[in-house]
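Given next, in structure tokens, is a single chain: the form predicted on its own.
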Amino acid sequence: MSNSSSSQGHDSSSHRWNHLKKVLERPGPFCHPEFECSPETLNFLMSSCKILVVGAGGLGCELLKNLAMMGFKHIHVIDMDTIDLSNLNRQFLFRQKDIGSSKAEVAAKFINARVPGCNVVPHFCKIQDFDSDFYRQFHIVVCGLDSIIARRWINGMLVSLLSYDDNEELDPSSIIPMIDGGTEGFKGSARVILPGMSACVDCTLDLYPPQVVYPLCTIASTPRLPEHCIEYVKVIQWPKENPFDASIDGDDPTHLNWIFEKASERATQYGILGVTYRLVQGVVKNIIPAVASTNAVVAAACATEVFKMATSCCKPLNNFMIFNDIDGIYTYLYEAEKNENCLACKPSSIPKYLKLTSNEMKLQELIQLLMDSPTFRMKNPGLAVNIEGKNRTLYMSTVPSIEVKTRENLKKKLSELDIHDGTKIMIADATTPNTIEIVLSIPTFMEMSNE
């Protein structure tokens, strides 16, 4: 009996990758024109190809499982979140005993134990904790994120790794493909991004709806919804009371509990029902509703694109697929076009311009323009300028000590800050890993008169 079991186990192991060999070791009608069938392709996939999965949530769990079962053995996964009870209905690599533990670490341990030979390396941290050398080691990056800001940051990092020659010709060997998946309820999408060649995340910012913003006058004076009460605590009460001497961390239970208690008090004051801990999480972290089946479909599409990219066995997706199963099942494929004016895609040697109406604009208005503009859509830009060879910080909200020192600049006009036509502004923001340099184009008095 034991011999029979051993024999069956050995046979199943030796034939485990037969389905991949059929695709990679013989030609077919859907092969890529430049594909050469060879046993070496599977060998590369299993022994050399390094994949980075960003996110170990609903999509990330599916991606890790799919990639491991498709033969990829060198996988890294990054996720800064810990496991919550609400995750267990769709993030199937986690169990009740794992609540409170790192998503990346638990997911990696599960896959490594379940798929022999697979080595998933977890990173329980932020994507911003790694430099360009870390990201440069991977052949493909696949994202299962619920944050546009994180997508833009990864996109910016991969774009920054591109190399150009003296004639601004792109070096193809410096391209690290990015496969990006996203879901919202019964809708989802998968896309293939070839940095420097095809449309990147910033090229198509208009595809992503802006985050819901509640009017300050409403949340402060006439709240009507539980979300208004939560937003009031988040935007007004937290900065005023500064309970933990830190900015809000949506993954810190003590922060969320404080917001929950204060929001509940405000809701009671105005006779509003519906403030729950889960809703607090949703508002603070901008959580998007998730459905397990949608995650599975989108992750399968993304994993297939990773496989095609790694092996060249078929032409990759060109380049955006939309999935919708609200009413029946519907998919649509189209090619997102590269935006020639995209700030992220442009080589750093090419100047980037921002046209303003006048240098009588206040610095606060310039910052708001950078946040509201469909081209920039920044979160909390910090601005610096180089005047007469000296760098000077105009405003930076992310460092408390610098914010206090530069706050008075917000009310000053650009002319008072010695900013004029041709001034180069250096901008740091959470949406990009690199400082963006923008040349301001400000019409002179004579040009304004002529107009």
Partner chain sequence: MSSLSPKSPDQSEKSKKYDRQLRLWGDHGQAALEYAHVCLINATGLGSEILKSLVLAGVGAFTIVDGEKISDEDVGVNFFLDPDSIGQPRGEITTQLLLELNPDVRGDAIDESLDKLLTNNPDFFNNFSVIVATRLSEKEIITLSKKLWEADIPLIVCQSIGFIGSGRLQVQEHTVVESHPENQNPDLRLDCPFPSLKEYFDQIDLEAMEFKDHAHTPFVVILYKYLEKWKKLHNSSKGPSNFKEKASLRELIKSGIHRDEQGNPLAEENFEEAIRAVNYAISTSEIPQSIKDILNDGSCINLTGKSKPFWIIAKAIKDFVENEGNGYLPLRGTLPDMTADTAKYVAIQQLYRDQAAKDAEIVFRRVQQLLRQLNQPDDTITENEVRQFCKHASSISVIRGSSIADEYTFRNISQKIVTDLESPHNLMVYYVMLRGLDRFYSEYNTYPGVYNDQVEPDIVKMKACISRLISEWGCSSFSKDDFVHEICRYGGAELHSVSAFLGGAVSHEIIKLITKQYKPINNTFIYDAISAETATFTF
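In this text the structure is predicted, and so the values were computed from the model without any measurement. The term rigid core refers to the maximal set of C-alpha atoms that superpose within 1.5 Å between the two forms. Positions refer to the first chain, counted from 1.
Form predicted in complex with the partner chain: not shown, discussed below.
Contact label in the predicted bound form: Phe138 to the partner chain, heavy atom within 4.5 Å: Residue-level check for Phe138: no, no contact with the partner chain.
Partner contact for Thr304 in the predicted bound form: the partner chain, 4.5 angstroms, heavy atom: Answer yes; at least one heavy atom of Thr304 falls within 4.5 Å of the partner chain in the predicted bound form.
Contact label in the predicted bound form: Ile350 to the partner chain, heavy atom within 4.5 Å: Residue-level check for Ile350: no, no contact with the partner chain.
Non-hydrogen atom contact Gly328 with the partner chain in the predicted bound form at 4.5 angstroms: Heavy-atom contact with the partner chain at 4.5 Å: present for Gly328.
Contacting member of Ile236, Leu170, Ile149, Ala292, with respect to the partner chain in the predicted bound form [4.5 Å, heavy atom]: The residue from Ile236, Leu170, Ile149, Ala292 that makes the contact is Ala292.
Partner-contacting position among Arg90, His255, Arg377, His76 - heavy atom within 4.5 Å of the partner chain in the predicted bound form: Selected residue: Arg90.
Interface stretch in the predicted bound form with the partner chain - options 126-134, 105-113, 154-162, 361-369, non-hydrogen atom within 4.5 Å: The contacting stretch here is 105-113.
Stretch 62-98: residues contacting the partner chain in the predicted bound form, 4.5 Å heavy atom cut-off: Heavy-atom contacts to the partner chain in the predicted bound form: Glu62, Lys65, Asn66, Met69, Met70, Leu85, Ser86, Leu88, Asn89, Arg90, Phe92, Leu93, Arg95, Gln96.
Core-aligned C-alpha movement of Phe260 between this form and the one not shown reaching 2 Å: Yes, its C-alpha moves 2 Å or more.
Yes/no, Asn359 Cα shift of 2 Å or more between this form and the one not shown with rigid core fixed: Not so; Asn359 is displaced by less than 2 Å.
Yes/no, His228 Cα shift of 2 Å or more between this form and the one not shown with rigid core fixed: Comparing forms between this form and the one not shown, the His228 CA shifts at least 2 Å.
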